[in-house]
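Single chain ahead, written as structure tokens, the form predicted on its own.
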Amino acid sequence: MSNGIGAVVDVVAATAPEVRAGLADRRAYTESENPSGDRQLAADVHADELLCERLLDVDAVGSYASEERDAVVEDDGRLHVACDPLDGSSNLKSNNAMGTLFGVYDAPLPAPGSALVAAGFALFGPVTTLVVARDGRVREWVLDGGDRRLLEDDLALPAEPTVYGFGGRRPEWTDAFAAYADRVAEELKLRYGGAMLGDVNQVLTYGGVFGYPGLRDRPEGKLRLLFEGHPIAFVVEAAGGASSDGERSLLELTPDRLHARTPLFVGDPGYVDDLEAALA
């Protein structure tokens, strides 16, 4: 299994610079929507097609699923990969951060969080970085063309929280979450850019908490459990942080369908504990 996981990581590392290089010419919306009802950019479709083809070429990969597809694409292999091919693609027009998020499961999709064996993301910021969690450790590399240079061999969430970011519009928040957010705002600095990977990477770098809560008219939240919730929780928990849907770790959840949504909170364990207490 270890060699298979390494091959998946190699594919993402090799594909991410190509996805980034193709962004400038793929900023237009297509006429289609993804299964969650979001409009697709040409860049979303391009990233998804590249990753699907290349990951399924890995002998160990038995299936591929993504936010951009209605159904799982099946093959033969013991590993199953779920991707958000271009997280934050709505930021492309304004030239802000986005990236590619993936989770590797050892059970057919949709799978429980307990079936994750690795997860990570490539972040397209001023530089392209790759963060991968496996075997209880988080590593970070810089991707420069075809080269991969190790930055951190054991990435850990800073002990002193500094930043926070919460999604959704305040009028859509529940009273309980709004009260919690007010307390957080008195203690931490706001950092929110509208692409989950960029916002979570702020938390990994500086410490703090990120969340997209359940809303008054959408209690299930916005983010997808299989493609976003599980993988980012796996990374943050491996880095010494915590995750929650408001009641329990995201890794304790099993999606009831491929594109199931969830409230999502990750970051400093103390702030996540306080969040659960506030919403109880």
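The numbering used is simple: start at 1 and walk along the sequence shown. Just so we're clear, the structure is a prediction, and the values are computed from it rather than from any experiment.
The discussion below concerns the form predicted together with a small molecule, not included here.
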Problem set entry | Touches the small molecule in the predicted bound form: residue 88 (any heavy atom, 4.5 Å) | yes
Problem set entry | Contact label in the predicted bound form: residue 228 to the small molecule, heavy atom within 4.5 Å | yes
Exercise. Might residue 67 be said to contact the small molecule in the predicted bound form, defining contact as any heavy atom within 4.5 Å?
Worked result: yes
For this session: With heavy atoms only and a cut-off of 4.5 Å, decide whether residue 192 touches the small molecule in the predicted bound form.
Result: yes
For this session: Please name which of the stretches 230-238, 245-253, 210-218, 54-62 has residues with heavy atoms lying within 4.5 Å of the small molecule in the predicted bound form.
Result: 210-218
Seminar exercise, completed: Contact with the small molecule in the predicted bound form, heavy atom within 4.5 Å, among 118, 81, 204, 196 goes to 196
